[in-house]
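The chain that follows stands alone, in the form predicted on its own, written as structure tokens.
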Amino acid sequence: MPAERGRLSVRKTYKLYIGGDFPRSESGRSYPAVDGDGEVVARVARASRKDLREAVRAARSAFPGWSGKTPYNRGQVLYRVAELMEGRRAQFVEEVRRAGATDPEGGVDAAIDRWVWYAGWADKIHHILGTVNPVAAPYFNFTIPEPTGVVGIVAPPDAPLLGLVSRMAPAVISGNCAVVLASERWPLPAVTLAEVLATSDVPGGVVNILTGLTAELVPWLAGHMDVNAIDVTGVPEDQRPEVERLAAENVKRLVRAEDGETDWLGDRAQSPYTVTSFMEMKTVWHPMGA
């Protein structure tokens, strides 16, 4: 009989998630993903400027269909994501643990619960925020919240799953489409979330997830003329002035988690007002009796 031999595990090379597909980076580049002990656990694609442009194009193409769905339907679709995350809970826990989390199970459970929480707001946020304004004229005056469009999200580097869900879920429930830059240091939970999205009912292009170097990709995301808003929570402080300058070119809305909201397990990390950060208020006049 042959002698028993040990074997090396096959390390996975993760791809990008763009338009519902998993393409390789057009540059062919990748970089190692390491755990808290510095051990290489996989390789992930290093997205380029062209990959980011493709992600924005996919998000823009998906926007009319996603924003046109009924809020109730969007809530159902996003609740399905939570169901699939629950089924892969053990994998998420292991990946978050390898990222050095002190309470990986608590963090994963909170991420799943937070996704459910925001999905429940999908068909309620319009009623809470919308209003009939009193006017001294024979007209109805309505204020109605609408999605902003394509939103760029830079994931918090220290909370690769819970922080990402806390910033991404409120952006997409209202009908926006997202281009997400995963945590550069701990990208695996975001890539696994991409696999969940791909097998859920979320249409391709609604969420696009890129892995790569934050300093390389953020300027192109901030300066892209077809991105309507950008969440800079995960952008290092020293890079934010340049992001603000680039975002001003097309008057992008800049959003960030305020002090206290980055305690990702805390109550302030989830709020319906986070949803409003990614919405525009439209005022409509309508004659009475018409």
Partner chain sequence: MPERERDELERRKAAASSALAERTPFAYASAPESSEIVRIEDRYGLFIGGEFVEPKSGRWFGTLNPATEEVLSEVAEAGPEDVDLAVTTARAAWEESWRDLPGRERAKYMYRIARQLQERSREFAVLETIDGGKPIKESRDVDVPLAAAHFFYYAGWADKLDYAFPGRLPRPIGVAGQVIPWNFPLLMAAWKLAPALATGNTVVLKPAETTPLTALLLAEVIQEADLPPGVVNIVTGAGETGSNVVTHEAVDKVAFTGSTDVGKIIQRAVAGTGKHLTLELGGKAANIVFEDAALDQAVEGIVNGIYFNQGHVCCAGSRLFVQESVFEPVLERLKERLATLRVGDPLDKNTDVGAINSKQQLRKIEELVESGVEEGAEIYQPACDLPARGYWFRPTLFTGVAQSHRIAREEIFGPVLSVLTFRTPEEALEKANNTPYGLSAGVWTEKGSRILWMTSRLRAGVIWANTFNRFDPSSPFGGYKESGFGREGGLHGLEPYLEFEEDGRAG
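Everything quoted here is computed from the prediction, not taken from an experiment. Residue numbers count along the first chain shown, from 1.
Keep in mind the form predicted in complex with its partner chain is missing from the figure; the text below concerns it.
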Every residue in Glu95, Val116 and Asp123 with a non-hydrogen atom within 4.5 Å of its partner chain in the predicted complex?
-> no
The one residue among Arg43, Arg245, Arg29, Lys50 placing a heavy atom within 4.5 Å of its partner chain in the predicted complex is Arg245
Picking from Gly75, Pro147, Pro156, Pro203, the single residue whose non-hydrogen atoms come within 4.5 angstroms of its partner chain in the predicted complex is Pro147
Which one, 187-195, 139-147, 205-213, 103-111, holds residues whose non-hydrogen atoms are within 4.5 Å of its partner chain in the predicted complex?
-> 139-147
is_contact(Thr131, its partner chain) in the predicted complex, heavy atom dist at most 4.5 Å = yes
Is Thr13 a contact residue for its partner chain in the predicted complex, using a 4.5 Å heavy atom cut-off?
-> no
Its partner chain contact in the predicted complex: Asn228, any heavy atom under 4.5 Å = yes
is_contact(Val34, its partner chain) in the predicted complex, heavy atom dist at most 4.5 Å = no
Scan 233-271 and note down the residues that get a heavy atom within 4.5 Å of its partner chain in the predicted complex; none is a fine answer too.
-> Pro241, Glu244, Arg245, Ala247, Ala248, Glu249, Asn250, Val251, Lys252, Arg253, Leu254, Arg256, Glu261, Asp267, Arg268, Gln270, Ser271
